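The form predicted on its own is given below as one chain in structure tokens.
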Amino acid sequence: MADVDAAKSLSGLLNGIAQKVYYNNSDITEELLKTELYPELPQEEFRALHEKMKGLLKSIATADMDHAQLEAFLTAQTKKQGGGGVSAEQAAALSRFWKSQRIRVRESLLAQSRWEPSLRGLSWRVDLQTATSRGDAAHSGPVALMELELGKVGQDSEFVCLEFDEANINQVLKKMAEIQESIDRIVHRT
């Protein structure tokens, strides 16, 4: 019966950590988890267990481990010498938790990593103006019109309209090429 209680407490701890870290539930605190799940455990032992489980969950979630990766990771953790490893029961609890919560944790991490407001849509067209329609032959070149739809999750969109002549488009394209080069340098460095 003690093993069942220990497994339930560990499962509750993992769910509590996920609620706080990944689902932004501010009602969950380390003190609440200790009081509800491990009332007899000394504070320092609980803190060590909490930090270890939090670190393991972070590693698993950051790597978005599939079943095979998770099993290899947990096997390596159970074979660690000293206090840094996990017991077979803890590995089993982590495995059960990750199998049931992987998709939800991944969606939460993706949502937390999005920039807001984000680009929801883009439409554009090129207008050719004739000299007779404006009465000015100097401004008769093509004009690009672009409409950006921006918005935050759960809110209505905002629209930004831009008008570019050929020189402006060339400047934008040059800046985009510079951004791409910077991204490529960073990606190739890591």
Partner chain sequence: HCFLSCKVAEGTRKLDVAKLSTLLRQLKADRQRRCQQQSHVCQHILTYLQGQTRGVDSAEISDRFQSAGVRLDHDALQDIIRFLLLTFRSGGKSNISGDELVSKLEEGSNKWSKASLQVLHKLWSEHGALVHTQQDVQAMLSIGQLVDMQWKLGMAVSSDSCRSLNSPYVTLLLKIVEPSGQICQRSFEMTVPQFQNFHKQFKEIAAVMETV
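Keep in mind that this is a model prediction, so the values were computed, not measured. Positions refer to the first chain, counted from 1.
The next section is about a form of this same protein that is not shown, the form predicted in complex with its partner chain.
For the chain shown alone, residue 164 is a contact residue for its partner chain in the model of the complex, at least one non-hydrogen atom being within 4.5 angstroms. When its partner chain is considered in the model of the complex, residue 68 lies well away from it, no heavy atom lying within 4.5 Å.
Although the partner is absent here, residue 51 sits far enough away that none of its heavy atoms falls within 4.5 Å of its partner chain in the model of the complex. Of the heavy atoms in residue 103, none are within 4.5 Å of its partner chain in the model of the complex. Residues are counted as partner-facing when one of their heavy atoms sits within 4.5 Å of its partner chain in the model of the complex; in 86-113 these are 106, 109, 110, 112, 113, in sequence order. Compared with the form shown here, the Cα atoms of residue 180 and residue 63 sit 3 Å or more farther apart in the model of the complex. In the model of the complex, the CA atoms of residue 180 and residue 113 sit farther apart than in the displayed form, by at least 3 angstroms.
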